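Coming up is one lone chain in structure tokens, specifically the form predicted on its own.
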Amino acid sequence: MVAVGIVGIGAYVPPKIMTNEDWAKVVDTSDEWITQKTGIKERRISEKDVCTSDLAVFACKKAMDDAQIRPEDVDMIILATSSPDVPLSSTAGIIQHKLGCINASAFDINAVCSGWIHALEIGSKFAADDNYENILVVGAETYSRIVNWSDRSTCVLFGDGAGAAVLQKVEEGRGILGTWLHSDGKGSDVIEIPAGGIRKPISSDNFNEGEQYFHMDGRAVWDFAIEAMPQAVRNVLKRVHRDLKDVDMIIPHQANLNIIKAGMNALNLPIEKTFINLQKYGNTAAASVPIALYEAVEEGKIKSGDLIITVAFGGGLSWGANAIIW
């Protein structure tokens, strides 16, 4: 099989910082409670005139610069997001126009917080094809616009940001070794925005105010995530014929520090084998893994030849992991 790897990576978060103390002025919460329950200390919030596509463009430009390619060299843009600029058309198409990627096709996927894992797998398949050279994979979210700022159980958890990577064919022995993905649709209502789709239009008689915002069953997510994370890691390693002892670094979805700790404990791996930045950014959904991957590379935590596992879980319910030789 043709080897495909990440040859350029970038990330972007808005400059505006919102701390736990700031949230305590908005809803009935505290820095102590948020930190103890989640590990989050602050998150980034986009200005009102900034869209998900804008965050993505900043991250994409960094990734393209890192890969030393021009906008016209990009053959395809795959955007993972659950907070698009508009319900229709594709936000990836908006990104394509803003970047000037005149030769690229573009489309969105929505697997919520595990979107990046799915997008990287899809992108790797296209990049392996002789008809494509440069695939731009993006995870970008603006959750500050879709959470209910009066719902203290969810609003304090999320932040905005974007991460991107350029995929190309690489030499044998490195790149994306394989991916394991799974879904459980009977849990689709555990994480959802109840209204705004065909089932319950916002203007319909059965619409109730507040249903246009993000909803989550926190207990159900906890029970799901502490099982999903180690399962995905084990299964992707089995698929690529590697062992846990071979893993150099796990880049987990940055949702909750306690979930990450529980997952690593289930894998019998030390927490030092993860990269964690959720204390700075909160949960940025599909953007969390690529932002963390970018920062791990920038900080020298990932070296050439390392076996990296990126793993995430989210709405759908959906979960999965990628195995990558850096």
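This structure is a prediction, so every number in the text was calculated from the model and none was measured. Position 1 is the first residue in the sequence shown; the rest follow in order.
Although not depicted, the form predicted in complex with ligand ACO is the subject of the following passage.
**Student:** Give a yes or no on whether every one of 4, 76 and 117 sits within 4.5 angstroms of ligand ACO in the predicted bound form by heavy atom.
**Tutor:** No, because 4, 76 and 117 lack any heavy atom that approaches ligand ACO to within 4.5 Å in the predicted bound form.
**Student:** Heavy atoms within 4.5 Å of ligand ACO in the predicted bound form: which stretch among 263 to 271, 34 to 42, 294 to 302, 63 to 71?
**Tutor:** Contact criterion met by 34 to 42 only.
**Student:** Could you check which residue among 249, 233, 191, 177 gets a heavy atom within 4.5 Å of ligand ACO in the predicted bound form?
**Tutor:** Residue within 4.5 Å of the partner: 191.
**Student:** Ok, 156, 95, 229, 135: which has a heavy atom sitting within 4.5 Å of ligand ACO in the predicted bound form?
**Tutor:** Exactly one listed residue reaches within 4.5 Å, namely 156.
**Student:** Against ligand ACO in the predicted bound form, would residue 283 count as a contact residue? Criterion: heavy atoms within 4.5 Å.
**Tutor:** Although ligand ACO is absent here, residue 283 would touch it in the predicted bound form, with heavy atoms inside 4.5 Å.
**Student:** Would residue 51 count as touching ligand ACO in the predicted bound form under a 4.5 Å heavy atom rule?
**Tutor:** Judged by the heavy-atom cut-off of 4.5 Å, residue 51 is well away from ligand ACO in the predicted bound form.
**Student:** Residue-level question: is residue 315 within 4.5 Å of ligand ACO in the predicted bound form, judged on heavy atoms?
**Tutor:** So residue 315 counts as contacting ligand ACO.
**Student:** Would you please decide whether residue 187 lies within 4.5 angstroms of ligand ACO in the predicted bound form, comparing each non-hydrogen atom pair?
**Tutor:** Contact with ligand ACO, no.
**Student:** Taking ligand ACO in the predicted bound form, which residues of 208 to 239 have any heavy atom within 4.5 Å of it?
**Tutor:** The stretch touches the partner through 214, 216, 218, 219, 221, 222.
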